[in-house]
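Listed next as structure tokens is one chain, alone, in the form predicted on its own.
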Amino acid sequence: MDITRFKCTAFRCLSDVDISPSPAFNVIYGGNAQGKTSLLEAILFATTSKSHRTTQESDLVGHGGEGFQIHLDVHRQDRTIQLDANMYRGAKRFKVNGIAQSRVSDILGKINTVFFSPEDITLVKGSASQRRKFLDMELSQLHAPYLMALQQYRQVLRQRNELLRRNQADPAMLEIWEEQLAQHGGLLIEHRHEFIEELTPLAVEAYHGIAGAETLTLQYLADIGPSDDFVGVLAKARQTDIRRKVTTRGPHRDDIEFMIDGQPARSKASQGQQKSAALALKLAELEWVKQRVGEYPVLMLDEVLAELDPERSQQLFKAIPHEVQCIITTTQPQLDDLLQDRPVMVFQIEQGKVTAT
């Protein structure tokens, strides 16, 4: 799939952007604070309803404005899709082919994207919550049952935690919430386990392509294992939960461990190795999505060359399949040495305005 047209008005610093990207490589270059990252962020928001930089959606509105508009024309193997994302006075609305979507979740999976930003190094060296966020976002886009189970699990978890915060939590009510947590949480664990099993060989191969002889492994660290008695674990932790006034066990405590050459990447790997591992995860995601939907998603790389040595940079671009539409932001206008014979369109961005060069 590929984006054939991108229009945007008043999203952060972007003003009246209207471009038609190439189905191959697209380089967006410009100085710092000119809007390069905002352009990719706008595409991400339109396709997932989320920003990678903020949870305060008011931050996305251009200075002094009341809203923004984003429009995407996308070509898929079997159809074309028009996607509109608008915000006005705090209310966001989405349309697919001109039809308003009643739920934000309805847009997930309509257009698949894989996004890498410098902040994604936290997937390797950051907190477990960053890695759970990755699991939830990727699985929610392609597995509707996972998204439903995630929403229900979070709702039940909030209700159980509210009960725990009371001075005298009712054990009978806690038992009811525990049964529901087990029902929905069990599905999350099952899907996460399958996802990491499928993703791992793809990530191992991608990392080998970037880093050569170094080896990468992934392991899903489930707080409650797939074969464990979920309800029993919660019941055993009940007194601890009452004392701490929070649910201490469950998939909201899960993690993923990255190992490079047998050492934990979070504490032992260099900055370049950690970034290579995060990139390998994204390249693996490309292949995983293709296996599910039959075509590659759109790949967006924000300032990907920072902190990568020339050899790893060259290997990264070699690892990107030719069928992938890739949108890259950089401060360098020329990437001929890296892209070699690949077709490329170059756009310059300055003060939120984009022009083809």
Partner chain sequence: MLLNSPSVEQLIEAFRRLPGVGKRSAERMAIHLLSEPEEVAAEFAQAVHVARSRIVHCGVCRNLAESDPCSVCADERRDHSVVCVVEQPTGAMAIEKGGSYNGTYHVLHGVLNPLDGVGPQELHLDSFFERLQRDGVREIIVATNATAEGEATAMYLSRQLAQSEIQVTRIAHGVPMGGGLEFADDVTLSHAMQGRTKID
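None of these values were measured; they are calculated from a predicted model. Positions refer to the first chain, counted from 1.
Heads up, the form predicted in complex with its partner chain isn't pictured, but that's what we're talking about next.
Annotated contact segment (heavy atom within 4.5 Å of its partner chain in the predicted bound form): 179-187, selected among 205-213, 278-286, 179-187, 127-135. Looking at Ala144, you'd find a heavy atom of it within 4.5 angstroms of its partner chain in the predicted bound form. Its partner chain in the predicted bound form comes within 4.5 Å of a heavy atom belonging to Leu163. In the predicted bound form, its partner chain lies farther than 4.5 Å from every heavy atom of Arg243.
In the predicted bound form, its partner chain lies farther than 4.5 Å from every heavy atom of Met259. Shown here without its partner, the chain carries Glu194, Ser227 and His322, none of which come within 4.5 Å of its partner chain in the predicted bound form through any heavy atom. Residue in contact with its partner chain in the predicted bound form (any heavy atom within 4.5 Å), chosen from Gln219, Ser102, Gln155, Gln263: Gln155. Proximity to its partner chain in the predicted bound form, defined as a heavy atom within 4.5 Å, holds among Met148, Ala169, Ala237, Ile81 only for Met148.
Heavy atoms closer than or equal to 4.5 Å to its partner chain in the predicted bound form belong, across 53-74, to no residue whatsoever.
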